[in-house]
Each structure stands twice: as structure tokens, then as C-alpha cells.
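Form predicted alone, single chain, as C-alpha cells, below.
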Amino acid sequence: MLDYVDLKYKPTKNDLVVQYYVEPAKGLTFEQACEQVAAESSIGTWTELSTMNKKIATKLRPSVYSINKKKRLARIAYPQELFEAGNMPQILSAIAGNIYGMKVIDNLRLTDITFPKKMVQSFKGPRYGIKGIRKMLKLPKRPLLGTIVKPKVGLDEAHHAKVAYDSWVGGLDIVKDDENLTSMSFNNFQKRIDKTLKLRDKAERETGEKKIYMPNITAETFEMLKRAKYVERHGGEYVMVDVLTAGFAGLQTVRDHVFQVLHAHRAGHGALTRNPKHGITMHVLAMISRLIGVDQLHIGTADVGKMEGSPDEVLEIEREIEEPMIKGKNHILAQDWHGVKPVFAVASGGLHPGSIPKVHARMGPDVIMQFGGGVHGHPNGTLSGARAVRQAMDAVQHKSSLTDWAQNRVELKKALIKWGEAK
């Protein structure tokens, strides 16, 4: 008897609904595998229990209410009472915990979630979101342009700050630490903040434009809070966290106690997302990150840059997925979630000036484009690389081809000679 499979069940507004891709182990039916996934992720286990009473079974039992054997998709509706509101680690320990280690499945992938309103409102969501960031930078329409200081690690504080300065005066809006630069023996966090923010102020005076620095505060949780406070005292409006390696509990703490814009780097996501049959989709990680409260999130470049990820895989985050559980024209970073602010998508990884038209066409204006080697690898250095990026964006804004726009702009012309234009 399948106690958890109920194809007549209709999810209620108080259910947390999860969609899984399921591959049963040899000898088991699809229904049997789904039965065990539902049991292990909620109130059940591998055998009958003397401690299970009718009240628990009736009130807290989830229901496998939808099965698509052709696509190997199953949807399970969980009563919200199974979860502690505002506690993302507990929620994930249930719906993305022990079930991955069960012998009854060969592969399992968490592909989508819908959260009930009460649970959504137990999280704070983004403090600023897209509108708040655009207001801060006074850029109401165009994509934001940024760079990551390269090399990733190795520069001392003064050289790091100078690279940032050249990037800003060249025309970029944002400079970001890389994911593995924190506080090093050769590049101390506090000294880096002091020197970089001073040159940020200088760049703002010289260009008349707002400039942003995103220092990486990733560390032990209390240390992250100390670093964020240091940035705040020195006039920094942003901080960056490697959200997966820091953990969702650490991310929640930072969101609750830090008042800067929160930039989320997804370092480590491939361990969860890359296998198309197992793990958790980036779509789901993006949902969780938005719910907790990041303002910006790396989602990939739609196969334009160096990182793995097809256009469909990236655009399922920024736009739509194959079988969305929340239908509508908005993508998941901007869907109407009971007042939760939308999140700025970040495209980063192998981009250069010639990538801009294609990324813009695929991802639209509400995207932050970040260029590392595509700025600092310019034949004439960082300043020219930044100018080339800004010139390429100007070409897109004026609906001109990059080739035509580059005729009288030597920085863009040299960038196109070196890297070409993404097709």
C-alpha cells in the first residue's frame, strides 16, 4: 500500500510544494521511489512505527500528488507545519537532506519549490532589490557594468586599490573582490578597504558618477558581521558573501544584521547543480537566496562566457522554467512573492566587450555584467579595458554595431581585435 502517493490530492495554499526529478533504483517502481522520498523527508522511515499515531499521520503526512513518468518528475505537497518558519537550514534538511542518500533512488534532483505565504513572510527578502540599487547608482535603465580585480589573489592592498581606481575612471560602475580573496597575509582586509574606498571617492569626484566597491566579507559568521561593520564605518554601501560556502544560516545572519547591499557569489554551486540528474538546480538555489534576502545573485552568462551552463539553464532562473509551478511572465528573480523585492541578476565568467550585445539580448536591461580578464586582459591594460566595456555598452544603447562604434574608439577596437564579438 502506498501511503503517501495520492494523485487525487489538491495542494492547498498552506502547503510547501516541491518538484523532484526521480530515478528509482533497479527493481523499484517510480511510485515506490516517490513514496520513500516523501516518507523520509517528512514523518516516515523504512519500516512501520509503533510511535506513529493517527493524528500525526493525518495532519503531517505529505502527498505525492503529481507524477510524470515520461519526464521522471514528481511533485510532493508538504503541510507547512512540518517546517519551522524562518529557518532555511531546517527546511532544507527535510526536502534536501537524507533523501539524497537513500538506496531506493539512483538519482534525485530538487528542481522547483513553491512556498506558502506565511513561510515567505517569515524571511526578510532583499533589503534593496533592483529599484533600490538603481536609485543608489542613479542609473534607471541600462545594465550595470563591473569588474573583478585580477589576478584573483596576489596583489597587495595598494595595487588592488589602483586596479579598482583605473576600472572606475575607465567607466565601470562596480569593482568586486573575487570569491577567494578575503583577508590574506599579503592583502589585509582592513587595509584593502581603507585604500580602495579612498580611491573610490577620488574616482567619483573625477567622473561625477557613483562608484561601487563590493568587498568580500566571507568568513566565520561573527567575523563576517565585524567586517561588514568595518566597511560601513568607512563609507562602503556594499558587501559580498560566498553564499554556499558560508552557508544559508550564515547568510541569514548577515541579512538580518548588515545594512549594506548584499551581493551573492555562488562559488561551489556546481557541486550541487552541474549533474542534470542529481542535486539541486540553480533555479532552486536562486529562490532560496532571494527569500533569505540577497540583492544581487550570480546566475551565469547563458553560455556566452567561460562557465558551464546552457542558455536554457540560465534563463530558467532569470525568466522561466520548463514546467514552472508559478506561471507568469516574470522570471523567478522578479516574480510577485507577497511583496518580496526582485533580485538583480549577475552575469559573470569569461565576458569581454564583444560579449555585451549577446548578453544584453538574452538577459535584458536588469542585469549586472561583470568582466575580469575581459577588462584587465586588454592589450593596453585595465583603464583601456574598462573604457572598451563602457564603449561597447554605449554602442548597444545607441543601437549601433560594435564594429561601427569602434571605428573612432581605439579601446573597443583593440578589444574586438583580441577577443572578437560573441556570436
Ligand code: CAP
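Quick note: we count residues from 1 along the sequence shown, nothing fancier. This structure is a prediction, so every number in the text was calculated from the model and none was measured.
The form predicted in complex with this ligand exists for this protein as well; it is not shown, and the discussion that follows is about that form.
Contact with this ligand in the predicted bound form, defined as any heavy atom within 4.5 Å, is confined among 87-95, 73-81, 259-267, 205-213 to 259-267. At a distance threshold of 4.5 angstroms between non-hydrogen atoms, S348 is in contact with this ligand in the predicted bound form. At least one heavy atom of E179 is located within 4.5 Å of this ligand in the predicted bound form. Taking the partner from elsewhere, I174 is found to have every heavy atom lying beyond 4.5 Å of this ligand in the predicted bound form. Mapping the unseen interface onto this chain, I148 counts among the residues with a heavy atom inside 4.5 Å of this ligand in the predicted bound form.
Among the residues K124, H278, K117, K152, the one placing a heavy atom within 4.5 Å of this ligand in the predicted bound form is K152.
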